[in-house]
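Consider the single chain below, provided in structure tokens and representing the form predicted on its own.
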Amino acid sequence: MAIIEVTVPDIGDFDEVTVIELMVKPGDTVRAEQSLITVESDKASMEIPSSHAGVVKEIKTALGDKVKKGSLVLMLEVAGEAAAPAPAPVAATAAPVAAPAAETPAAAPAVAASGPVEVRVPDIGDFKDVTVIEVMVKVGDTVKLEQSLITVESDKASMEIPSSAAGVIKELKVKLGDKVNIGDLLAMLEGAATTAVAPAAAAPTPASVPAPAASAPVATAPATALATPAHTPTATPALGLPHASPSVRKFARELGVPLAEVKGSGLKGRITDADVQSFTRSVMSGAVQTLAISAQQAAKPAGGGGGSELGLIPWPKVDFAKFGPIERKEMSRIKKISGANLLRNAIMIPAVTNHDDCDITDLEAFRVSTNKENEKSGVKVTMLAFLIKACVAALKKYPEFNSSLDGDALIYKQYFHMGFAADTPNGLMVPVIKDADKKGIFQISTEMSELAKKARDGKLSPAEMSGASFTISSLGGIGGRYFTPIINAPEVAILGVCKSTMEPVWDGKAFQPRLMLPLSLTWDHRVIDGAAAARFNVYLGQILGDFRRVLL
């Protein structure tokens, strides 16, 4: 083993940037190019990666320290004879500062034209297709030379793009979420000042190579539709971009957390991963009372939007008090969040539902006898546990039901994470049984019981509601015959089950009393056709009728 020094690589024209986040601690095992610290200048934040893989022995920087190229970050124990550092991957940096005159020809003052002036993305280094995450001006605003117009973000850095001229914004050519590159048109200005710096002179000049995104400290698959929704920032935030590193902002976006509402616990109020997780737990427990669903959704009543976006007539406005006594109650946090997602899914997914019945007489007898035999264990096996195992077998046979759309492609998942809808005092939630194919009926029953209790207590974590590849919505304990469950995007199917009933079934000679379970399979017609859905339901019924088939 060898001990090497990990230093700050070339981060462009920066001098003494501030350490605002330590992302590792002594004893941690790090990968090559894994982010170690986050530093910040006036206009940008960036993550400094490790030049080697190894174990952190000693941290040589502290929060608030000033560092620059060559500053010692930490001591790393590496395997073999790798004492000589390999060429360090340069952190994706981002500081909109003027390039030195020795490297870039000085920009000559130019007399502003009387007509519109184009403002384009300057040279931002080795970045391609960076995302616009903040628009800092609007049409009609007067901007100064080098005033920041937008904020863009890559995997490792965020940067503000300045204006190459002064004037009045007549037209914006970008919006939130757009991908931009060097030379792309940002805005049209009028009434520019008499001198303007050419775009190359005002360009940020990060010496950078994008590095792989740092892994989040917890599993952060995109949240399910019944967790927190995606948050759309407003075009002109009152206080600017939330104080957080790019990886934290990415983590928050994956969970749908509005960073503007998160209180940071880091240096100078900086938001950390732990703050995002804590905020999400507070929302799910109902402790947070000011969750912004999104800028657009917040402007619409939960009972229905205006409808103009879809070319519909306006939603009816009625003074119900004219007809009799009324009482107004705000919907729960969960219902507000899930309602917006369900509306989106119901509108955007061409969904079809197949209804069927399956004979579970023998399976129910087996379940009852199993519970009697294992009464002392305290684990109660439910029919839903058998349904989960049966659905896993059906998903393996018909893998398109275990897929998700990604543009014009299908993502076929090699894992089997099963969501199940849980009824709670605050509304419907969907905990997820991870790797259900690797677990037995008793383990699934135990996990379901624990997750359902957490859901009722409002203590489910985002990770426990994330990553489902297929969902089961069961009304078995309530009643009903059939229903049409709404698909939980980005999944492509959902199974609804109702209360089983004893019915006379013809066996070819006589009617026999059989316990029949109603099945309602809703599927996305963009991915699945009617024949495949019918086969899935038939196969699922065969497994539930003779559970030995799961072994085949």
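The first residue of the shown sequence is 1; numbering continues from there. These numbers were taken from a predicted model, which means no experiment stands behind them.
The discussion below concerns the form predicted together with a small molecule, not included here.
The partner is absent here; in the predicted bound form, the one residue of Ser473, Ser247, Ser469, Ser164 having a heavy atom within 4.5 Å of the small molecule is Ser473. Residue-level contacts in the predicted bound form: of Lys336, Arg344, Arg270, Arg367, one residue has a heavy atom within 4.5 Å of the small molecule, and it is Arg367. In plain terms, the part of the chain that comes close to the small molecule in the predicted bound form, with a heavy atom within 4.5 Å, is 382 to 390 out of 139 to 147, 433 to 441, 382 to 390, 314 to 322. Interface membership of Cys498, defined by any non-hydrogen atom within 4.5 Å of the small molecule in the predicted bound form, is confirmed. Residue contact check for Phe279: none of its heavy atoms lie within 4.5 Å of the small molecule in the predicted bound form.
In the predicted bound form, at least one heavy atom of Asp423 sits within 4.5 Å of the small molecule. In the predicted bound form, no heavy atom of Leu36 sits within 4.5 Å of the small molecule.
Contact here is defined as any heavy atom lying within 4.5 Å of the small molecule in the predicted bound form, and by that definition each of Met448, Gly477 and Leu517 is a contact residue.
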